[in-house]
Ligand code: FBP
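Here's a solo chain for you in C-alpha cells, the form predicted on its own.
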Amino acid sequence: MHISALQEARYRYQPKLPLSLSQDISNIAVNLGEPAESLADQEELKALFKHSYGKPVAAFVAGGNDKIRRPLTVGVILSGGQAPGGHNVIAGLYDGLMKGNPDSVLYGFLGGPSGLTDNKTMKLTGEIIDQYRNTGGFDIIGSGRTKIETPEQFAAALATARMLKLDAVVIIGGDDSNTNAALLAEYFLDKGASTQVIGCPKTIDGDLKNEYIETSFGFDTAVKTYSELIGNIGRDANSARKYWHFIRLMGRSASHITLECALQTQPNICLISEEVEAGKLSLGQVVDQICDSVVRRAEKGDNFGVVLIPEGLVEFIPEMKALIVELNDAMAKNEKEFAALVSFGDQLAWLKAKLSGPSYGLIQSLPPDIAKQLLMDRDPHGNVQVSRIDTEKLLITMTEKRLANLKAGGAYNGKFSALGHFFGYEGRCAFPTNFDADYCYTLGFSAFVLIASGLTGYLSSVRNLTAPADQWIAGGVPLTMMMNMEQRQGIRKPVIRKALVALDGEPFKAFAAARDTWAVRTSFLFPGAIQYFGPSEVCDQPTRTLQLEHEKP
C-alpha cells in the first residue's frame, strides 16, 4: 500500500488519554450519580423509555472493577456523514477491549446501521485497525444514513445481535443516530436481550453538545480546515484588492461552523442564521447588511472583502422559510403531477395556484437558477436539499442589483466583483487534529469502559476539554437525558435536541463585539494549515468556541 509521508508519521502518533483511563485497567471503576431527567417532556419520555429512562450520569474513578477483565464481543457502527476522528473512536474502543481481555472480539458493521439489520460485518483485527489510526474518513467500514425505525428493522437488529452473541453495539453518530441508539437500547431491554448500546457524539456541525458533551468530534478539525482556506482567500483578497469572496460553509441546522471560522479569520461580514431568525430579517435586509460594508469599504478604496455564510441560512429567513414549507407541502401532495411538468416556466405557472401570494412573489423575484434549485428533488423526508442551494450566488446577485441602484442614486462609487465558494466536503475527512485524535480515542476507550461496566443507553462523554488531555474528565451520560419531544412528519417523536448558536453565549458575544470593526477595516487573520508537530500552543489548542465557553476570563 502506498501512503503519504504524513500518513506514515500519523500512524506513529499515540493519542493522549485522561489520567482516569491511563492507569491499570483493573483500577478503572464507574461512579454513578443521581437519576437524571430529560431536558423536557419528562412524562412522555418516561412512558416511551420504560426500561432506560432516569439513569444516572457515570464518571470514571479509581477503584476495583471485577467486570472489566471479561472477554467481550462488540459491534461498531459509523452512522451518518463523515467526521474527522471516527477511525480513532474505533481504535480507542479496540485497544480498550484488548487491554481488558485479548480474547475480546470487535465486529465492524458495514455501510452504517443497515449493516446491523442486514448482518453485514467484518472482524476488526489489530492489523486492520493499525492502517487507519489517526487518519480521516470512515472508510474502514463505511457509513450510511439508514434509520432503524420500523418493527421489522428492530427485530432484524435483535436477530443479528443474538446471532453474533453481541455484548454491545457502539453507534458513532450525530443527534439522529444517537436518538436511534437510545431507541435500540430500550428495545433490547424490552425484549430481554443482554446486548448493551453505547453512543459516541459525532458531527462536524457542532450542534450535538450540552453540559456533558462540550463538543462533538470532528468539529475541531473541520473548522480549522475551513479556516485555513478562508485565511488563504483573505490573504489573496488583500493582495489582489479587487474581489469580494462569498464563502458558504457547512451547517444546515446551526451556525457553529461559521461562527468559529469567523472567530479564527475575522472576515468583513459573517451571517449567523440564528441571529437572522431572531431578528426576523428579510432577504432584502440581509443584503442591505452586506451592501453597507461594501459601500463603507469602497469609501476607503477597499473594493474587496470576505463574507461567510452558513449553509442553512435560507431556512432561517422567515419569508424564505415560509416559501420552502409551502413548496415542500405542495410538491409532496402532488408529486406525480409536479414531476410531469417539463419546463421551469410550467413549474412556476403550476405553483401560482399552490402558493400564497407572498411566497409566489418571492420565488418569482429570485434568480432563476436559485428558484430552480428550490424545486429540485427532495430528500427522503420530503424536504428541500439546502446543501444544493447556492446561497452565496443568490446573495452575490442580489448585492450586485442593490449596489447598482445605490450607484444610480449617487450613494456608491466603488467597484464590485464577487466570487462564490462552498467549503463543505473538504473538511469532513481531513487528517484529525491532535485534539480530535486524542478526543476520539478517549471517546472510544470510554465506550469500552461503559460496556465493560454493564451500562446501556449511554453516550460516551469527555469534559474539561480546554485543559490538557491528562486532565480531561471521562464518563457517560444517559441518552434520554438529552431528549425532548418534537413534531416530525406530523408525529411527536423523541429526539436529542440540537444545540443552536446561543446569541447570549460568549462565542457570539465576542464576535458581535468585534464585527463592526471588521466590516470596515481589513482585519483578516491567517491561521494557516493544521499543525501536528511542534509546541502545544500550536498543535493542541481547542477551538475558540470551546475556549470562550469554558475557560475563565
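Residue indices: 1-based, along the sequence shown. Worth saying up front: this structure is predicted, and the values here are computed from it rather than measured.
Below: the form predicted together with the named molecule, not depicted.
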{"query": "The unique member of S446, N88, T203, S255 whose heavy atoms fall within 4.5 Å of the named molecule in the predicted bound form", "finding": "T203"}
{"query": "Interface residue in the predicted bound form among G81, G414, G137, G111, criterion: non-hydrogen atom within 4.5 angstroms of the named molecule", "finding": "G81"}
{"query": "Segment that reaches the named molecule in the predicted bound form - one of 389-397, 204-212, 286-294, 459-467, heavy atoms within 4.5 Å", "finding": "204-212"}
{"query": "Heavy atom of R402 within 4.5 Å of the named molecule in the predicted bound form", "finding": "no"}
{"query": "4.5 Å heavy atom contact, E311 and the named molecule in the predicted bound form", "finding": "yes"}
{"query": "The named molecule contact in the predicted bound form: M320, any heavy atom under 4.5 Å", "finding": "no"}
{"query": "Touches the named molecule in the predicted bound form: N383 (any heavy atom, 4.5 Å)", "finding": "no"}
{"query": "The named molecule in the predicted bound form - contacting residues of 424-457, heavy atom within 4.5 Å", "finding": "Y425, R428"}
